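Next up is one chain by itself, shown in structure tokens, the form predicted alone.
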Amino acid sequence: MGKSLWLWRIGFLAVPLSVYTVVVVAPLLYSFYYSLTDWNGFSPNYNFVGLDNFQRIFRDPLFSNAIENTVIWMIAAIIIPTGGGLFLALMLHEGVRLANLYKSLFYFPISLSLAVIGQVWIWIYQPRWGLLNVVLREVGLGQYARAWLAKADSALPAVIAAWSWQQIGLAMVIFLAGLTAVPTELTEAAQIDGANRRQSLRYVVIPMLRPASIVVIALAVINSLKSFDVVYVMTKGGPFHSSDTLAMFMYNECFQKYYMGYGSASAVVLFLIALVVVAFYFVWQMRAMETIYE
């Protein structure tokens, strides 16, 4: 019976593990290998260059710019979706009228692909008839209207805003789930002890949302590291590389300039950064859980 059970388990796992190996593991290993070569992506002949690509990449100002933009994106990802999602969750948890309708509306963007999100926000940012500039002109702030995606100082914030609009709905749902786990006895006891709503929120509710906050922040940071589709649709990293991210830099090097070896080196760097972030997240989560259950 035991041997038969193991055979069934191996049989069920064989297909998904094979697909995962072909789709994920093999390309990852190939990226590590090609990062040590000067392959152009087409020629069967290429040279093994060792760590030259990595030495070159850290002297590349475009790579440094992509790193800087990615860090800015990560910081914005921690602040905007987390803060916005928490605010919406707290408002809707209070039992406002049509709460379920609002929840559906705020969650709707997460059901759309980032390519669609990017196209929607291109229309919003359109210089002449876009919604944002039209509203600014109507309320007497026409001097602030601009071509948001064509200016180097506003392109990256504009793309981050579009991305955050989608991510806030996901954060809201996670925080709402966390709020349902907060015992009402705790908030009632705080009110009996003389705490007002703000104090109850600060000292009771928000500390109880720490597990949900960890999940929201981790998802936001990981999603920010792989931000490509919305950047590609809206700006393609421009103007003048002002909205380049690591994922966009990797794509340009591999599939626009055909420096597959050099682009693979940037992919390896991105993978290592993501690995460090995920490892930090797990350590943080374990310590948070230990603190909660002590």
Partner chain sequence: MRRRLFLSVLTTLVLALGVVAPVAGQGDVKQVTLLHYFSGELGFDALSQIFNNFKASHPDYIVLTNPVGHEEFKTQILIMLAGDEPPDIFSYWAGARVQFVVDAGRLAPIDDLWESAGLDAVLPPAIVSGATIYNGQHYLVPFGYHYAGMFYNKQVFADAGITELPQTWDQFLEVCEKLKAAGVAPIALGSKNRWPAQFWFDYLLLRTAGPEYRADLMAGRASYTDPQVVRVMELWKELVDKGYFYPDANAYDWTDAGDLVAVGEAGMTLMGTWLTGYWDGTVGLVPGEDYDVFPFPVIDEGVPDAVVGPVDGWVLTAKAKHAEAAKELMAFLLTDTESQAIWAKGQGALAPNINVDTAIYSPVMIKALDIVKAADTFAFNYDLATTPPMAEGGLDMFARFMDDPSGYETYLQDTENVAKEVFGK
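Numbering follows the first chain given and starts at 1. Since this is a predicted model, take the numbers as computed values, not measurements. Just so we're on the same page, rigid core means the largest C-alpha set that superposes within 1.5 Å between forms.
From this point on, the text means the form predicted together with its partner chain, which you will not see here.
Remark: Gln126 counts among the residues lining its partner chain in the model of the complex, judged by a heavy atom distance of 4.5 Å or less. The shortest heavy atom separation between Asn40 and its partner chain in the model of the complex is within 4.5 Å. Although the partner is absent here, Ala147 sits close enough that one of its heavy atoms falls within 4.5 Å of its partner chain in the model of the complex.
Within this chain, Ser64 is remote from the site of its partner chain in the model of the complex, having no heavy atom within 4.5 Å.
Residue Phe255 is the only one of Phe255, Phe48, Tyr30, Phe58 with a heavy atom lying within 4.5 Å of its partner chain in the model of the complex. A single residue from the set Met260, Leu225, Val268, Met248 has any heavy atom within 4.5 angstroms of its partner chain in the model of the complex; that residue is Met260. Checking 107-115, 197-205, 148-156, 67-75 against its partner chain in the model of the complex, the stretch whose residues place heavy atoms within 4.5 Å of it is 148-156. For Leu272, the Cα coordinates differ by under 2 angstroms between this form and the one not shown after the core has been superposed.
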